[in-house]
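The data below hold one chain only, encoded as structure tokens and taken in the form predicted alone.
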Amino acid sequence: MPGTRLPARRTRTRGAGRPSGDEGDLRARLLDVAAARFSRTGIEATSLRAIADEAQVTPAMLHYYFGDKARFTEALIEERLLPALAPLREHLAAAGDEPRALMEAFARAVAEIVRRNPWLPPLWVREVLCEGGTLRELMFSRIVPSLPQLLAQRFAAAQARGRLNPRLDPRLLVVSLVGLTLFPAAGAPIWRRAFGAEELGPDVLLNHTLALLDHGVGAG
């Protein structure tokens, strides 16, 4: 009718905070793709365009959700890396003070973390162990602050009570635990190929680690 005004069209705007619904699913998928890609090629060597191509979105979509590379990496740390490692502290807190219980809790926690986040062991090797890794300093300040020291202190206390082999160094026992859990997970593609052992899955690896920790290599 003449003189009738049509209602103004509403334009969709991005609200504050995390997106919801389909947007939240896409954002989560972008972080998952980035975690896997970073574990294969490294954080510094991976461009936002490479992540966008693998996720089958445009680079503009990454900028929409995360901004630049630095903020994208920060989101990955906050929303993937730190939550992935949280069960480790929780398992150890519930394990008590007996060395065997502590070692088993550590092994089971790492197995759970790797099962849920298969990208984490290779990312740890690339970005923490390797010189110049992007996450090395972050490990000391935010990822596992004081956790190795606290675990070593609990082993030392058990040793003082006569509950741990006096020839062991409690600090190196923590190192050994890492070597028996994260290293085999990170090197799985190599040792599975070397032995033709694709059937050796996470459960077999965990049971092997627990048996080694509990009984060593003796026949009993």
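One rule holds for the numbers: they count along the sequence shown, beginning at 1. Every value quoted in this text rests on a predicted model; they were computed, and no experiment measured them.
FYI, the form predicted in complex with another copy of the chain isn't displayed, but the following is about it.
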{"item": "Contact of R80 with another copy of the chain in the predicted bound form (heavy atom, 4.5 Å)", "value": "no"}
{"item": "Non-hydrogen atom contact E137 with another copy of the chain in the predicted bound form at 4.5 angstroms", "value": "yes"}
{"item": "Another copy of the chain contact at D25 in the predicted bound form, heavy atom, 4.5 Å", "value": "no"}
{"item": "4.5 angstroms heavy atom contact with another copy of the chain in the predicted bound form for H91", "value": "no"}
{"item": "Options 66 to 74, 50 to 58, 26 to 34, 183 to 191; stretch whose heavy atom lies within 4.5 Å of another copy of the chain in the predicted bound form", "value": "183 to 191"}
